[in-house]
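Presented below, as structure tokens, is a lone chain in the form predicted on its own.
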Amino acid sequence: MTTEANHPVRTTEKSLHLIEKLRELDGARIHVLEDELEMTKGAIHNHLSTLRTHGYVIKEGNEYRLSLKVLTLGGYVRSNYSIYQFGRPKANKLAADTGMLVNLATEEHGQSVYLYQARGEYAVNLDTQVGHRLRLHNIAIGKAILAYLPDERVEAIVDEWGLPTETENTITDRETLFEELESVREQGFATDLEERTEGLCCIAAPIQPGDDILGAISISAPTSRLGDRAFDDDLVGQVKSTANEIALDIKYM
């Protein structure tokens, strides 16, 4: 979960807010940033100039964008995650075998973070990509992680992020969520039937080489494509088997 700094440095906070806003806007001119942030035009220019000097921002015409140096940092961080190192080839194989979109994700600060995606022949295009963060309660990969966290941690995550409605199938109360998580533990896998995105269903299994949950792997496909196969034993078995293989590789690396 996020923590509050004892003595926050306002200048650092402003630079980080600026970086986040450039990501959110996919680049912007200074006057747009001035409207979006509680900063003067001069302050914004000074922060951008400093970030450009250090290579984190580039300027194209009159518009500022994040540079590929951000990707350098992200790639370094991701490479240190064992579920990415060992999960990538397994995710590729699962995508090839099922033809679906496969995701690897972990949890950070109470949200799911996508570490890798593999695309099969029939993979659907979604609003997610590597590095994308989502709430955990309404996606299969999130529930596969939540189910193996301590109850008090789940409570804290719900306190911070809530259980907002995305579709009519979204779980929006704690009692139902904890019942769902108990089912996930009993079955060894989680499902999402149009709980975040209408027309999409997912199956996920936890990656747990020891006592701690490291993340999860999922497959996603349009409900219309899967039809009655949505959660059949064969598909569930493929996802669970892949998660188990990744966990074993990590445990005995």
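Basically, rigid core = biggest C-alpha set you can superpose within 1.5 Å across the two forms. For every residue, the number given is its place in the sequence shown, counted from 1. Please read all numbers here as calculations on a predicted model, not as lab measurements.
Below, we refer to the form predicted in complex with another copy of the chain, which is not included among the displayed structures.
Screening V154, I171, L115, L181 for any heavy atom within 4.5 Å of another copy of the chain in the model of the complex leaves a single hit, L115.
In terms of contact with another copy of the chain in the model of the complex, the residue from L51, A28, A221, I213 that brings a heavy atom within 4.5 Å is L51. From the list 171-179, 140-148, 106-114, 154-162, the contact stretch for another copy of the chain in the model of the complex under a 4.5 Å heavy atom rule is 106-114. Put simply, R65 is close to another copy of the chain in the model of the complex: some heavy atom of it is within 4.5 Å. Under a 4.5 angstroms non-hydrogen atom cutoff, another copy of the chain in the model of the complex has S15 among its neighbouring residues. The closest heavy atom approach of G99 to another copy of the chain in the model of the complex falls outside 4.5 Å.
Of the heavy atoms in G188, none are within 4.5 Å of another copy of the chain in the model of the complex.
Taking the partner from elsewhere, no residue among L200, K240 and L248 has a non-hydrogen atom within 4.5 angstroms of another copy of the chain in the model of the complex. Contacts to another copy of the chain in the model of the complex (heavy atom within 4.5 Å) from stretch 63-100: R65, L66, S67, L68, K69, V70, L71, T72, L73, G74, G75, Y76, V77, R78, N80, Y81, Y84, R88, N92. Put the two forms on the same core and the Cα of I213 is off by less than 2 Å between the shown form and the other one. Put the two forms on the same core and the Cα of R185 is off by less than 2 Å between the shown form and the other one.
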